Structure formats: structure tokens, C-alpha cells
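Shown below, as C-alpha cells, is a lone chain in the form predicted on its own; questions about how it binds or moves come after it.
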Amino acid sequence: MINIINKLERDNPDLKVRKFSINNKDIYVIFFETLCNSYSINEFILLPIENNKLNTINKILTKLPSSNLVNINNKEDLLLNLYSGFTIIYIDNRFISFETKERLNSEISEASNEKTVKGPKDSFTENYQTNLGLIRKRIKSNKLIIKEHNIGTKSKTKVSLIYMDDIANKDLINKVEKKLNSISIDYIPNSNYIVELMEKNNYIFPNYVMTERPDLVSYNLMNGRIAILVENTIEVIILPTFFNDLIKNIDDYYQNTKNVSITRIIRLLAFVLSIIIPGLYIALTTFNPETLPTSILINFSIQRSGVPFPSIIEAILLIFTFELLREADTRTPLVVGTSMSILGALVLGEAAVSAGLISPIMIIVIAISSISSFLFNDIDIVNSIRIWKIIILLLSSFLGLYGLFIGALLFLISICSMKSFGYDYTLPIYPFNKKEQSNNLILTKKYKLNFRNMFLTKNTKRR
């Protein structure tokens, strides 16, 4: 294996090989300086070897201050440990791996994509061990099971399957683990790759949750769900997930239940408005004006006088402009992003109305739809809302209210036909379960404190 190291040294300038000859014995110290902590190597390995304090295999195994000393027996383990930030010591024809990782990740901070209204402020980082620690400090139980997998023939990315052994459904665990073992790819850059490779169905709405918040992961683990932690990413996958999870938030369980119930109703109305309202406006004003009061219809006609485009073109242009501003706000630095979006919306909207290109009522309709979608911070959910908004808008522009109803029916068929790792996506609404409604749109204090999700647990429904 020394020949392998010599070849690696020629091809990798950051690979360092230090050779010592002590008492007619050759000792090699091998490490990547870009992955390892130089202080640890100098103080605990190089200096003791030079002082003749680590000159036998027995002294290395008993005196090196590390909780992670591993014997290397083959080429694969040798390369994996080197590329994982370990230092390899070759002595007495044996390879010993010593952990000297450098911290190449951000520190624990507040979640950037999931605003915390009430609750803990810490979030996951790119460090795999830190992320495991954030979960373990919340669940101090020997029933918390962590099964590690190395996925990626070249990246060797650590992927952990995490669940509560006495709560989670064993059939679900076996199904997810089988899917993880079946993944064949050379590189895993992000958590999203894992769920894409596990679930082959191309659903519009996501059938999983990706979060930066350890408290959300811990809460779901205690409710029988499974978490998948991927090395080098800040988002943990939670599965299965259901449609009603879109209107829930972990902060709900930190607040008064009556206030939470009102908030959930607002979220549900916002979800419906964000998808339906542009298509509804087009259907009522273009195909079914008889459904509107005469005064409102006259007002709409006056506002649209002089606008050269049909309503559908007007709506698509405005939706495109709003999505453009949203993307610009997302991609530009925080210092200028929000200011640019506000300025762009005000200036462009005022200029378009003054020029007679867009009617004021259309700006209000599209603005209400876009603002309603802001209540959902998951980019997958936002993109799904965007797609269904356009589908229903186009159907309404061709068939009026009939098109609106067809679009709504297609939406219901779509979500009712979805599965999330074997579970119906619309649980507990369909199939309807009366007990689970206590933690659906309305949150009751009793359910909040005493019960788990009955679909995900078998013998531990009551806490």
C-alpha cells in the first residue's frame, strides 16, 4: 500500500508524506493538509515521533490521545480514511488511522430559510457529527437508532437513517432502508439527490420535508417518522409527509392552541387563494360576467379600457414579472435584494398602469396570489403552487368557470393519487379519521400533549 501512497503523492500536491527513521525503523505519517488540522498533527503525532515517544505500534495504540484509532487492512479503507480527514501512521508493517479533521463548515447559527417565531434558534450545519449531536441532545434515549450508509461510489457520502426503535413502523423502516441500499450513483452533492433516487414518481407536490431545524426533526422522530441525514448538507429529510403538513409549522406547538388554529385556517385560505384567484378572475370577467354584480363589472370594464392585451396575456405577463422579482430577491445579496424587489414592484407596477399596459385590478389579483404563496417557505411547495396556478389559469382562460372546476378537480385527483412511502398523501382527510382531526386544521391541547400520529405508530400512540 506504500506504492499506492507514492502514486497519490505525485497526483495530489496537498497530500503530505513525512518519513522518519528511528532505531533503524521507518515510520510514515500520511495526511491531506487541506482536510486535516495541522496543530493536531504537529502536537500529537510529529513531535512525539521525533522525540522517540511513539516508536512502536503498542505505544501508538495506547498513548495517542484519540477516541478514534482504527487499524487499516485494505486499500479501500486506507483511501476512505485519508479523504475523510484522518492521518495515517505506517509502522511495523501496519497502518493506523488517527482522526485529525479540520472544521471545514459553518458554525451553528439560526436557520436562514425557516424563520423561528418561537422556539430554539439553532440549525443544522454542513458537519455530520454536529448534526447528529443536535438531534441527540434533544432525544436522550437508547431507542434512538442511527444506521449509517456510505452512498456514492466516488464521494463515499455518509447517509444516516434515523428513527425511534420503539415508535417507528418497522415496515416503513425496512422499506426506506431497502431503497437506500438500492441507490447506485457516484456522487451525492445534496439531500435532494437521495429522495429523488429513492422515489421514482414525478409528483408535483413534494412527498417529503427537508428542514434545517433540529427541533422539527426531533419532534417528527418522536411521532414515528424517519429522518435521513446526509453528510455535507444542512438539510435533513423527514418522511413520510402528508398534504396537511403544508399548513403546519413546528412553532405551532410552542404557542396557544386557539391562536394556532386561527393561523392554520389563514394558511389554508392563503394556499387556496394563491392557486385559484387568478383563474377565478379570468373566468368571471372573460367567460361568465353574468355572475358579477353590474356595478363591479362596470368598474372592471373602465379599468381595463385602453389595455391592449387580453386578460390571459395580461395575467401571464404579471405572473412572470412577479416570479422574476422573487428570483431576483432570492439570488441577490440580502443587503440589496429586498430593496430591489420593493422598488421593482412599485416602479414597474406604476409605470405599467400609467402606460395603459396593465389594469390596476389585475395587479391586485396577481399580488394577492403571490403574497399568499409567501406563507410557505419550502421552495418545492412554492414551485408546486406556481405550476398549479398556471394550469388552472390556462384552463379558466379557455373554458371559464368550467375550466376552473376542471382544474380544481385535476388538483384533487393529483393529490389523492399521491403516495408518500406507502401512505396516502391526503391522510387524515382521506381516508377520513376523526381522531386525527384534533391535530389537523384545529389543534387541541389534549392532542398536542398526549398523542402521536396513529398512522405512523403501532403500539405507542399515547405518549
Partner chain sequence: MRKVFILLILFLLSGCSDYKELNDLAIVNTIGIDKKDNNYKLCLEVLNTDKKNGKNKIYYSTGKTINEAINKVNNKSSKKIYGGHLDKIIVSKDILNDKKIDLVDSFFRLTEVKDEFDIFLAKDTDSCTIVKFLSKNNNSSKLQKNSKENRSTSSYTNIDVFISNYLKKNIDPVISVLSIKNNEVYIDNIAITNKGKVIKYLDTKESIGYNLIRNEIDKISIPISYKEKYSTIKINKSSTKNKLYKKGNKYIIEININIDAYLTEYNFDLDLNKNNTISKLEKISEKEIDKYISKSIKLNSKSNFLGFKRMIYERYPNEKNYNYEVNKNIKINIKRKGEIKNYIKEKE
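Positions refer to the first chain, counted from 1. In this text the structure is predicted, and so the values were computed from the model without any measurement.
Not pictured, yet referred to below: the form predicted together with its partner chain.
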Answer range among 125-133, 282-290, 83-91, 365-373 for contact with its partner chain, defined in the predicted bound form as heavy atoms within 4.5 Å
282-290
Of the options S112, S301, N256, T330, which one has a non-hydrogen atom that comes within 4.5 Å of its partner chain in the predicted bound form?
S301
Checked F44, F398, Y28, F32 for heavy atoms within 4.5 Å of its partner chain in the predicted bound form; positive is F398
4.5 Å heavy atom contact, L273 to its partner chain in the predicted bound form:
no
Can you work out whether V307 and its partner chain are in contact in the predicted bound form, taking contact to mean some heavy atom pair no more than 4.5 Å apart?
yes
If you check in the predicted bound form, is N249 within 4.5 Å of its partner chain, heavy atoms only?
no
Its partner chain contact in the predicted bound form: S311, any heavy atom under 4.5 Å:
yes
Across 365-393, the residues having a non-hydrogen atom within 4.5 Å of its partner chain in the predicted bound form turn out to be I391
